[in-house]
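The chain that follows stands alone, in the form predicted alone, written as structure tokens.
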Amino acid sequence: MKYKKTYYIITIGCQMNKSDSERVAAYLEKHGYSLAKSETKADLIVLTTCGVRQAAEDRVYGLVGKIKKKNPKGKLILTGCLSEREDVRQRLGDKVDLWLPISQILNFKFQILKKARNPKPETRNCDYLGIKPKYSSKFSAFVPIGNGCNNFCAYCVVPYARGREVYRSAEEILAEVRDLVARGYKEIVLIAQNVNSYKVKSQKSKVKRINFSRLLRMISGISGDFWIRFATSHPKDMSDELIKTIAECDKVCKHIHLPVQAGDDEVLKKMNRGYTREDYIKLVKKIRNSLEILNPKSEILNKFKIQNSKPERFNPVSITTDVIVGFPGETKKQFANTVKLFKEVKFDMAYIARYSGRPGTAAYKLKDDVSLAEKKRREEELIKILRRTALENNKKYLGKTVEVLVVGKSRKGEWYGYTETNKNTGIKIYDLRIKNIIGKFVKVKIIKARDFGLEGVYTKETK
């Protein structure tokens, strides 16, 4: 019996990295490889790396050492954000058998492993996205709409790691979504470094150029019962047109991830974010007013005495964010402005990172003058505020019946999922006839609110 070579993929980082790994898996299987049970048993180990934070980079160094020690005969491929960093290459040296920027996966030839050199780039930055992936879920799928970034935020390595923005055609994206929906997928997650920068020339549509708003409407027009999520949005590109589209398209989840990064104008300017604190606050208010307009208690409806066509409907919107504490030169007074912004905006969730310098970025040249202890203190202060605001927001769900996509069952036998506003929800089921609802939409009446989650009782399956 002929031996079939095996592979194993380890993924670190964002949704885009996870999606990239799914395409690498599909590509390897197309060329005769099968999935191994672990990295210690594989002939080929692919490490999809993240270089956005120092902690993620340090994890790579540790993993490479462990992999080569436990599986010295295995060939190690390093792809992702660190694959083109010269300092990383020098540090890891011959421990890595092949350095493979993800955009070059289509040029990959297995004989290259013997020659220990890199394939010549012959493809565009997003051509590899045309590979049909090996999806890791049977009901929720990441659908990348492009690759790269043009923003050059002072702290961010992504434009250097992934290159300039290049987007897939709308036709190619629509074809992937249609295929997923036909196969019963319930959640489509559109991803890119900056989704709302999407803009391509139309190949078939009457519209000459298709932006992200138009793309959302086109996907929403596909028949089937599914949600559409997207991440990540840049505040400077969150247009009135896009907000209107999100409000009008029922399939688009009312959850906006909108990274603010800082709440002080001077720090935002140093970060090269392209907006002010006041711009951001006004934008959040506009989003909430537009997306919550069907709510019977909406201030806009009451002000203009507009009759709500669906008075029974519960229409919250969830605003989540990213923020960096301890950016070079950030004073305590400037940080206090971020504290004030957190209290005013009342985020549903925030991903708080302590600043770490990234080689090649503009901020790397600045003195990292905020101590680790102070960064930790600032992080903890924001987390305390976040817990209060998230709990306050979640209490609005009490007594309401919401739709939940069930994603799993815990070791204790408890079902869980999340709402369209991305609220983690535990589900109690008292009907013993219900055996398996993973990957299905169900109605859940919320009976308990926590700071970062909800609990409810199953009422019925909807789709």
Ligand code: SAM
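As the structure is a prediction and not an experimental result, all values here were calculated from the model. Don't overthink the numbering: it's just position in the shown sequence, from 1.
Just so it is clear, the following notes concern the form predicted together with S-adenosylmethionine, a form of the same protein that is not shown.
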Given the stretches 183 to 191, 155 to 163, 280 to 288, 136 to 144, which is the single one in contact with S-adenosylmethionine in the model of the complex, using a heavy atom cutoff of 4.5 Å? 155 to 163
In the model of the complex, does residue 347 have a heavy atom within 4.5 Å of S-adenosylmethionine? no
Indicate whether residue 316 is a 4.5 Å heavy atom neighbour of S-adenosylmethionine in the model of the complex. no
Proximity of residue 53 to S-adenosylmethionine in the model of the complex, heavy atoms at 4.5 Å: yes
In the model of the complex, is there a heavy atom of S-adenosylmethionine that lies within 4.5 Å of any heavy atom of residue 245, even though the partner is absent here? no
Thinking of 273, 322 and 355 as one candidate spot, does S-adenosylmethionine come within 4.5 Å of a heavy atom in every one of them in the model of the complex? yes
Selected contact from 169, 389, 334, 232, since only one has a non-hydrogen atom within 4.5 angstroms of S-adenosylmethionine in the model of the complex: 232
Name the residue from 393, 261, 211, 107 that puts a heavy atom within 4.5 Å of S-adenosylmethionine in the model of the complex. 261
